[in-house]
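Quick setup: one chain, the form predicted on its own, written in structure tokens, and binding and motion questions come after.
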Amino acid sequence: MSISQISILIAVLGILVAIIAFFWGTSHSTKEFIKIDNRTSNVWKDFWIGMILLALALIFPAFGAGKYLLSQIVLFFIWAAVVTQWNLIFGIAGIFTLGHMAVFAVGGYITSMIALYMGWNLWAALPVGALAAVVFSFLLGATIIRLRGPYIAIMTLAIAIVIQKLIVSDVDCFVTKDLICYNFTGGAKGLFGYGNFGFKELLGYKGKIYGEYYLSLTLLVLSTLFALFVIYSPLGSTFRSIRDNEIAAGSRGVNRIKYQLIVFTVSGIFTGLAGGVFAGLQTTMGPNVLSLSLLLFLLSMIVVGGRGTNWGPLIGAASLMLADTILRDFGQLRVAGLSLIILFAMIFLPNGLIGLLSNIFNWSPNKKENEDRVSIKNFIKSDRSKYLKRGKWIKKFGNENE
């Protein structure tokens, strides 16, 4: 059985499981409960959106996509997994951190170091790297406990820059293997020679890209499921309460410090795994993952897609990766083109692309509603007690007793 046939079979089985789960879930829910709890309908809506996207991703390689295209999609899956977790901190909890790529780097570096220096298989080193990323993310959250707003961004960015400079300045020989001197962190060259996930030996040279594709897809699926679980859980409601009104949340007994540490910790799990997967697929891990350009590129994915939304980061990652791939043919105009796209999205799409899509799908012309519309002048006159203060504006638009 070929790779394409296996992909189609997996997609069909996934759709069948989704249909069974849907009817099982609806049969165990009363109509009254569905009417009262809007969250239930949102869960099922996200479930079907996810199943459609997953089915498309599973069968995509069967359409004969080239190796270059699949490699770009693999990179998209990894970045999308990172921004879905970053969105938990920045979008859901409202903490403006710029140190998330440092968590990603810790996961990748620890995974590659364990494989290189201790001779572990990358599959065994992967969970250790993720655990190290979780610990580092917890410590990162602990360092900014007493900071607010832009001060958090400055502090976390400074930590990421310091880590990058420490890696680049590492020039001492740590160990010599096969007449090659390795720095502890790899220095400016980065770490290499620590192996891979073995897809070439398992699937052959041509099938290697398919193994990388489905591994990164699995990472994105698990990361998205985890993010949605947190968003719909009581933790997600607590994070949003701190984001929307910290004083009101504190008056109801919400401990900001406690939940700030929790959101940093939980977001580090799949961020660290993404770093380890990135290191294994790229077969090299360098300080370029901590570059400011890459950090701003991933942050723009959240903003363009829709900060604090369920699917916004994923849509933002897809759109910016697509734009970046197209603009590569324009040389020096690539950065300018990406900057204009991000700028226009911030000005004309304050809720991101997900807000635009929501408006399109929820829009329905209503004749009666159009007939009931009034002019701006009449609107202001009828509601001036709510929108305007008494004074010259009232005199301009008419007498108060009209």
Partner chain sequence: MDIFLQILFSGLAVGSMYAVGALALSLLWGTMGMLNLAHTTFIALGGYVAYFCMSVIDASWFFVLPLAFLSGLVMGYIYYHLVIRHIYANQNFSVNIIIASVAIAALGENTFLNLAGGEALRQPFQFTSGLKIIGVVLPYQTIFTFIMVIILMVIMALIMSKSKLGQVIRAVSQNPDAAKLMGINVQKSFAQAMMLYGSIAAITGVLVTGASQVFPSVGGDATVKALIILIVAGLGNLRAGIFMAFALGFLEMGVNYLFGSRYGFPSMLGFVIIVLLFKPNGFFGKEVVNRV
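By rigid core we mean the largest C-alpha set that fits within 1.5 Å across both forms. Positions refer to the first chain, counted from 1. Remember, predicted model here, so these are calculated numbers, not experimental data.
Keep in mind the form predicted together with the partner chain is missing from the figure; the text below concerns it.
Using a 4.5 angstroms heavy atom cutoff to the partner chain in the predicted bound form, none of Lys45, Leu56 and Ala130 count as contacting. Though the partner chain is absent from this view, in the predicted bound form it lies within 4.5 Å of a heavy atom of just one residue from Ala318, Leu122, Val289, Ile159, which is Ile159. This chain is drawn without the partner chain; in the predicted bound form, the residue among Met155, Val221, Leu215, Leu75 with a heavy atom within 4.5 Å of it is Met155.
With the partner omitted here, the stretch from 167-175, 261-269, 223-231, 102-110 that lies within 4.5 Å of the partner chain by heavy atoms in the predicted bound form is 167-175. Contact between Pro350 and the partner chain in the predicted bound form is found at the 4.5 Å heavy atom cutoff. Contact check for Tyr151: a non-hydrogen atom falls within 4.5 Å of the partner chain in the predicted bound form. Though the partner is left out of this view, Ser71 does not reach within 4.5 Å of the partner chain in the predicted bound form, counting heavy atoms only.
In the predicted bound form, the partner chain stays beyond 4.5 Å of every heavy atom belonging to Lys206. Counting a residue when any of its non-hydrogen atoms is within 4.5 Å of the partner chain in the predicted bound form, the hits in 327-345 run Gln332, Leu333, Val335, Ala336, Ser339, Leu340, Ile342, Leu343. Core-superposed comparison between the shown form and the other one: the CA of Ile342 exceeds or equals a 2 Å shift.
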